[in-house]
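A single chain, nothing else alongside it, follows as structure tokens in the form predicted alone.
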């Protein structure tokens, strides 16, 4: 309790709160300026291009677009803090309601992809570093190079052609089959969790068959990034003197590598995994479009094509908030894996 009330802890907490607040304000400023720079008139999207001039002017005044730019930004910031992103022209719903409806699908897809990327990428990177210059290292580097080079939309289309159309191992585009639409009562919006909690195992299996291919495509790109960074971190650690000392003491090679060397790269590795997860949450636009996955990426894409700037900016802010939250979570995890961070 004394540690929690100490001046150092209070100072760190204040610095953290100020940092998050400034980052959030910067995010809002960027999205606000994007909304003003993009050559799309939000008023025309709202009232239509055939609306009379007086209607156009009245809506302009109602939205505060006749005020100075700094006042517009203040009004925009206050509304966003209150959760008011406006109303979507495309769906006629409140933007926040739309985001809360589609975001669980993106969260489910990115989470499974990250789990695949971490569970395979970290061991690949460690094995490549231990066997530097030999065939396991070359294989891991080729896998990583392909992950960076192959366009995600092409890989998704080839995956659908092979595993869905030819082999029939997975389900096709969409999140569930038509027979299971509205079959599971939404609780969290994450269909695998909701169907498992309700004991609807047929729906669970159908959802998993739809999820595994897009998650595998995204997970491959996550694997390429994580394995490359893990290899780099491990090569640096395996050259340190404490590794030589551990081997001289007679510790097993497995303990030296997986306990000591890998343990010392966990802090930068957490950062890499967090950034990878955030990028997947942000960058699922092409994957969701190819697989008709009803997530945030597809929602933003359709909104942009419809000049629905309220929805586009609301989705962008949501992505930014996720990045801020992931960075905060990373800071907390540092304290568990590295006692020096405390």
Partner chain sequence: MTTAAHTPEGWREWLNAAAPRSRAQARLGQAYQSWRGFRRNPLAIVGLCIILGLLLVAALAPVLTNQSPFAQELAERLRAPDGEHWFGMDELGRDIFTRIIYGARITLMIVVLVAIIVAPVGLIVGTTAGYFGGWFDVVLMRVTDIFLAFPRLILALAFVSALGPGIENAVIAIALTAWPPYARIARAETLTIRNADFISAARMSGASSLRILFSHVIPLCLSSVIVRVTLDMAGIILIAAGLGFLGLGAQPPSPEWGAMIASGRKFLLDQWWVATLPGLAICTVSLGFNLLGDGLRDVLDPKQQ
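The structure displayed is predicted, hence computed values, not measured ones. Residue numbers count along the first chain shown, from 1.
There is another form of this protein, the form predicted in complex with its partner chain, and it is not shown here; the text below is about that form.
Legend entry - 4.5 Å heavy atom contact, residue 69 to its partner chain in the predicted complex: Flag for residue 69 set to no.
Legend entry - in the predicted complex, residue 305 touching its partner chain (heavy atom, 4.5 Å): Yes.
Inset, instruction - Look up in the predicted complex whether residue 258 has a non-hydrogen atom within 4.5 angstroms of its partner chain, and give yes or no. - result: Answer no; every heavy atom of residue 258 is more than 4.5 Å from its partner chain in the predicted complex.
Inset, instruction - Decide whether residue 161 counts as a contact residue for its partner chain in the predicted complex under a heavy atom distance cut-off of 4.5 Å. - result: Residue 161: yes, in contact with its partner chain in the predicted complex.
Legend entry - Contact stretch among 195-203, 211-219, 145-153, 112-120 - heavy atom within 4.5 Å of its partner chain in the predicted complex: Selected stretch: 145-153.
Legend entry - Joint contact, 34, 301 and 316 to its partner chain in the predicted complex, by non-hydrogen atom at 4.5 Å: Every residue of the spot touches its partner chain in the predicted complex.
Legend entry - in the predicted complex: members of 204-227 within 4.5 Å of its partner chain, any heavy atom: Nothing in this stretch is in contact.
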